[in-house]
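Before any questions on how it binds or moves, here is one chain, the form predicted alone, in C-alpha cells.
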Amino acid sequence: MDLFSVFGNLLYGLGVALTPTNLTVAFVGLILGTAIGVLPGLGGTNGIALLLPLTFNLPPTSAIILLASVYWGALFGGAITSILFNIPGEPWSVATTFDGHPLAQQGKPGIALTAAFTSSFLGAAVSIVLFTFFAPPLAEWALRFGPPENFAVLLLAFATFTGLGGGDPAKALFMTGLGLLLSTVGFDIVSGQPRMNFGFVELQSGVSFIVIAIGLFGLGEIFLTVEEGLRLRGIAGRVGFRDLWEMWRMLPRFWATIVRGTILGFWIGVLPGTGATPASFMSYGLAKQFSKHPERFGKGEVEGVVAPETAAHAAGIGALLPMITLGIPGSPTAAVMLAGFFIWGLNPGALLFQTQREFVWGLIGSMYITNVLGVLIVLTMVPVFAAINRIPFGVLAPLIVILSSIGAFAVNNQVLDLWIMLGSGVLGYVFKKLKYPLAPLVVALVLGDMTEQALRQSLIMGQGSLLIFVTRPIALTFLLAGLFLFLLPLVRGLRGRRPRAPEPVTAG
C-alpha cells in the first residue's frame, strides 16, 4: 500500500469518525472512560468488560469507537487520582504518583495535571501517526500467514504473557491452561460433537468470555474493594490558564524524555501481552537515569510526570496494532476489546483491511479525533471528575453489580450466565488475593478456539506431522521466539541462584 493510498484511506476514516453518530459515541466513551479511570480499582479493562454488552446493538464501527474512546478516557482519568489523591486509578498510573502527588502537595496540582495531560496527548499523537503508517504494511505481510504461522503467532502471544508478564510464570501458565480448558466447552470445531458440557444444554454453545470477563474483572474488583474499605483523601485541583502557559513554556526542555517515552511505549505496546504498565515504569526509570538531577525524582519533578504518561499513552495506541493486524491483543484491555470482534461478527486479522475498510479506517480516524477531544475534556473538567471520588462507595458498588448482571444476562438471555458471572467474580477475588494474573486466562479463553483450529488445520496439512512447523520459515521464527520467552523465566531463575564469588579480603 503506497503513501497516497494511506492518506486517502485516512481521509476516508476521518470522514467516518466525524459523522454525528460516531462523534457522539466517541464523546460519551471519553466521558465514561475518564470517569472509569478516575475510580480507583475499576480500571479500563474492567470498564470495557462491563460496557461490552452495551455495544451489541451498535454498528461495529461505532462499537469499536466507543470501546476505544473508553480506553483513551481511562488512560487520561488514571492520572487525575494519581496526582490529586495519590491513588492510581490505573496500574499504569502508579509511576505518575511518584512525582505527581508531591507536586500537588507543593501547591502545584495544575502544573502536574497539565504536564500529565499534555505529555499524554503528545505521546498518543505521535503513536497514532506511527499506527497509521505501520498497520497497513504489517497487515499485508500477515496475509502470507497460513494455519502453521497463525498457530506459531498465537503461541508467541501466550509465551509473552508468561515470559514478560513480570509475575510468577507458573501462575501465568496455570491461568493460560485454565483459559484454554474453558475454551474447549461447547462443540468440537472439527467433528461438531458436543464436549465438556456436563449435560447442560446451555453450555453446548460454549462459555461466553464476556460473562467470564465481567465476573473476573468487574465483580472480583468490587469484592476486593469492599474488603479493603476504600477511603479517599485528596487535594482539590483545577487547571488554569497560568498553569497551561507555565507548563507549555517549560515543555521543550523535556523533548528527549517525550521522544524516548513515545518510541519505548509504542514498541512495548506492540509486544503482545505487555501493555502500558511496564512501559510507564521503564520510561520513568530511564528518565531518572538520564536526568542531570536524578535526586529530584520522587520529590515533585515535572519530568517524573512527563515520562510515564507519555509512554503509557503511546503503549495504549501500540497495543491495538497487533490486535487489528494479527488478531493478537497487545494488552489485557485489548484482549477484552478483541472479544467484541467476535460478537460483532468480525474476524480480527489482516483481512480486516481489505474486507472492513470502514471499520479499520474509522477506528484509526477516531484515534485522531478522540485524542484531541480527550485532552480538551480533561483539561476543562478536572474538578468534575475529581468529585466522582467523593461519591460513597456504597452507592457506586450496587450500581456496578446491577450493570454487570444486565450485561451478563444480555449475552445469551439465560440465567446460567448469571451464576457463571457470580462464580467468576468469586474466583477473580480469590485469584487476585493469591496474586494469580487474570489477563492470561481471558486471552486464552478468547484465543482458545483460534489456537485449536490453527493447530488442527496445520496437522491436517502436515498429514499429522509436527514437522510442518519447522519447514516453514515464518512459523519456525515465531516458534523459536515463543520458546525463548517460555524459557526466559527459567533462565532468570538459574541466574538468580548462581552463587556469588566471595569478596576479596583486604589486609589491615
Partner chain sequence: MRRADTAFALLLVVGAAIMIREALRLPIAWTAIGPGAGFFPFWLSVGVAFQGVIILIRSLRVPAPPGREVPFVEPEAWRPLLVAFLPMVAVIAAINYLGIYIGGALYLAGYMIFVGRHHWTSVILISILLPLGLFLIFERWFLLPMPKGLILEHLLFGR
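Numbering follows the first chain given and starts at 1. Treat the numbers as computed from the prediction; the structure is a model and nothing was measured.
The next section is about a form of this same protein that is not shown, the form predicted together with the partner chain.
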### Query
Which single stretch, out of 299-307, 331-339, 418-426, 315-323, brings residue heavy atoms within 4.5 Å of the partner chain in the predicted bound form?
418-426
### Message
Considering non-hydrogen atoms and a 4.5 Å limit, which listed residue (Y368, F409, F85, F121) is close to the partner chain in the predicted bound form?
### Response
F409
### Query
Heavy atom within 4.5 Å of the partner chain in the predicted bound form: which of I460, V470, I474, L480?
I460
### Task
Verify the contact flag for T132: yes if a non-hydrogen atom of it lies within 4.5 Å of a non-hydrogen atom of the partner chain in the predicted bound form, no if not.
no
### Task
Classify E358 as contacting or not contacting the partner chain in the predicted bound form by the rule of any non-hydrogen atom within 4.5 angstroms, answering yes or no.
no
### Message
Contact with the partner chain in the predicted bound form for S62, defined as at least one heavy atom pair within 4.5 Å: yes or no?
### Response
no
### Message
Can you tell me if G394 lies within 4.5 angstroms of the partner chain in the predicted bound form, counting non-hydrogen atoms only?
### Response
yes
### Task
Would you give me the residues of 432-453 that have any heavy atom within 4.5 Å of the partner chain in the predicted bound form, in order from first to last?
K433, L434, Y436, G448, T451, E452
